[in-house]
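First comes one chain, alone, set out as structure tokens in the form predicted alone.
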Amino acid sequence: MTTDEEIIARTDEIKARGKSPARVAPDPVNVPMIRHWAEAIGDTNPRWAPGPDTEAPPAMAQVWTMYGLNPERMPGDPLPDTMQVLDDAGFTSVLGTNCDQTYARTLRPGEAPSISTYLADVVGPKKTGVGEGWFITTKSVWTVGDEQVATMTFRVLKFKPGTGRPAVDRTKTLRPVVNRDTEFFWAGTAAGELRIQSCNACGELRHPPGPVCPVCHAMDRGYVVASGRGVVHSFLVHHAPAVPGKRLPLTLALVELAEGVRMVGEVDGDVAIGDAVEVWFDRIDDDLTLVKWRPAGAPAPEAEPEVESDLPVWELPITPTLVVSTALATRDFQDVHHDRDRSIGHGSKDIFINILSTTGLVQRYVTDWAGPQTQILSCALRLGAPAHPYDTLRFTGTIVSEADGVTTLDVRADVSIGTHANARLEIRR
């Protein structure tokens, strides 16, 4: 078993080698690859269209020097060498986390860019949401002849699959059965009311609701709005099995309401039998709001603030085709972007969009707003929650500053389980 000290010693040797020899792109910049990229990203900027003045999108800088599906690695390339060290130690899964690029100019068909890279840092082991792993940071420079055309600081996480704490996908929350007996209750939660069924004939309160009064057997039903206060009659802490849409451990309590009925619900916070609790309403989506409880007097969980945007909001449905086609267009053949079974085996719930594609989509969002002739000077992007198929990417943008002809923007891309990416761009319009 490889120790942490051995990993550090081997990666220090790679660092000491310094910058790798320049490696020329396997193919020169060419119109077919630019067209495939633009089609996959959905970028209709006329600058990328075939013609005598075709340019390559700035975000394609890394694409030209990607190794491909069955690569023959160049000896001395620090990133694959470092990845191999961590593969040997059992850190076999990989996830891109940061991609900070600068662009001196766009590339044009026929040019043959070269890349030179050095290993800047290896940090670990770290506990992360996807698993225990090591962060690898490399710095690269692309040149055409003696001209520097782009730079990149790139960070990936190499981690052990199955050792992380996966993000909670609230869209998978189990849906209650809504029928004629219960629809009043769920209409109440949506309105921020805790409703208890009552018998209009004798006034008896009952929960869970039903068609017949257990006291007088009348079928004349109504409801009252409860105060939302109660005490914990009993509780348990659920550790396993997993519950869709919930993070474990999960506290479930039988709450005795001030009105005299008892109700089972999830508790947010630590409680003991006899503790006073109060209700709060957890909005899952437009169709479902759940009843939850918290210790009396505890501050209410803060609602996620609505993201303000200076740029028009763009919502992009994530389809399997989008994930796969953009990965192929970026010459990224990591199985987690194409093969669902392999991706699940690496600890993910499905395939997901790669960092190069996210960079391209962010830049498309900005140039769609700023205009096709916009020059992107830099793009510093940090990934967060994965973007899986059947979700939606929601892009928003904020103007940070404008000075000396340069506009600085912050772009955010959200998915249902959180923020997928934050990026800061500098552009000249």
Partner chain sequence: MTFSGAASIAGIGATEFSKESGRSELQLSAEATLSALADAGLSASDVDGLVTFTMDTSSEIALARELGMGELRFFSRINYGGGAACATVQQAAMAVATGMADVVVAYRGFNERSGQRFGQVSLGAATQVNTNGLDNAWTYPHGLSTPAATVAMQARRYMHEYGATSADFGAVAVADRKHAATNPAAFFHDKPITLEDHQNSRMIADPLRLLDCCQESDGAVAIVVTSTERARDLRAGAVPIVAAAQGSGADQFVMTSYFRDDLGIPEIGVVGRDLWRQSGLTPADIQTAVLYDHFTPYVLMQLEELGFCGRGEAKDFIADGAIELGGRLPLNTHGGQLGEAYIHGMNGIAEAVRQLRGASVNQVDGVEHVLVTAGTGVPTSGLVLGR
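On a predicted model such as this, the values are computed, not experimentally measured, just so you know. Numbering follows the first chain given and starts at 1. Throughout, rigid core stands for the largest set of C-alpha atoms superposing within 1.5 Å between the two forms.
Below, we turn to the form predicted together with the partner chain, even though it does not appear here.
Residue-level contacts in the model of the complex: of 242, 120, 298, 219, one residue has a heavy atom within 4.5 Å of the partner chain, and it is 242. The single contact residue among 281, 314, 186, 223, judged by any heavy atom lying within 4.5 Å of the partner chain in the model of the complex, is 186. The partner chain is not drawn, but in the model of the complex it has no heavy atom within 4.5 Å of residue 345. At least one heavy atom of residue 182 is located within 4.5 Å of the partner chain in the model of the complex.
Heavy atoms of residue 176 reach within 4.5 Å of the partner chain in the model of the complex, making it an interface residue. Under a 4.5 angstroms non-hydrogen atom cutoff, the partner chain in the model of the complex has residue 253 among its neighbouring residues. Figure note: of the listed segments 144-152, 285-293, 70-78, 347-355, the one touching the partner chain in the model of the complex, with heavy atoms no more than 4.5 Å away, is 285-293. Contact residues in stretch 225-247 (any heavy atom within 4.5 Å of the partner chain, taken in the model of the complex) are 233, 234, 235, 236, 237, 238, 239, 240, 241, 242, 243, 244, 246. The Cα position of residue 153 differs by less than 2 Å between this form and the one not shown after fitting on the rigid core. Annotation for residue 355: C-alpha shift under 2 angstroms between this form and the one not shown, rigid core superposed.
The rigid-core alignment places the CA of residue 319 less than 2 Å apart between this form and the one not shown.
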